[in-house]
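Read the single chain below, which is given as structure tokens and is the form predicted alone.
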Amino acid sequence: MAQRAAIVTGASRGIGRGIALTLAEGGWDVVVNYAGNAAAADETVERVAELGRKAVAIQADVGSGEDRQRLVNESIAAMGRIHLLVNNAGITSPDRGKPLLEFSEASFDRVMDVNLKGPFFLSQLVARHMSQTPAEGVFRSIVNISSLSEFAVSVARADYCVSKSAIGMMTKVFAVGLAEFGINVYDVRPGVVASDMTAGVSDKYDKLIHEGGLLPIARWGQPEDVGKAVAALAEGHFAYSTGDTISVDGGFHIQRL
């Protein structure tokens, strides 16, 4: 079997780092993509290396077409082949907290560029590479990281919710379109996970989780919880499934009376 290599976008911190490290523990080499925090990306690379795997940090804004193409080119140059793409990079709404009627097009466009347009066209680029190279016995897949905001409304983050909801349909579209090339596509949907994005609302969620009954599994999610789900998919343990959504949310998605 050829050595396996993955691109994980937004892998410098939080969920992305958790995914990168879990993959490395399973024997994957990892391209650690980051947008701006080079020091954090270098730390992820060092931790992957400590696990005995190859890693390289590549700066690229997935919201930029030029950066996406460079990311793929440099990843192939560094790793030779790409067998897994994890579309994890994402941003919250720049207009978060504003009344719905005051959300700006600038905020909407930036969120869509990073959270939806980026994964869509990066998946297209990586899928072209995969479809033009032999599988060499390696299971190949694309895993999109969405959010409980795919279905749970937060008016204060309206554009973010819309972008994550669209990821669900994007997953299905690519699953059907790439099946003929032997590429499976999945949506991993995290819930309340301890990360930079949730740090500012930790007190709120502490109370909801531990006192308010928000989750059947009454604890914060951790980046490695998401990483384990991604790794199981990437290993081909669900090879006869594609286009599916895997919830990693402590049971938040279950409707209860």
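Quick caveat: nothing in here was measured; it's all calculated off a predicted structure. For every residue, the number given is its place in the sequence shown, counted from 1.
Keep in mind that the form predicted in complex with a small molecule is not shown, yet the notes after this line are about it.
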Against the small molecule in the predicted complex, would residue 216 count as a contact residue? Criterion: heavy atoms within 4.5 Å.
no
So in the predicted complex, does any heavy atom of residue 208 sit within 4.5 Å of the small molecule?
no
Interface membership of residue 31, the small molecule in the predicted complex, 4.5 Å heavy atom rule
no
Residue contact check: residue 72 to the small molecule in the predicted complex, 4.5 Å heavy atom:
no
The small molecule isn't shown here, but in the predicted complex, which of 208-216, 48-56, 22-30, 35-43 has heavy atoms within 4.5 Å of it?
35-43
Do all of 141, 227 and 245 end up near the small molecule in the predicted complex, with near meaning a heavy atom within 4.5 Å?
no
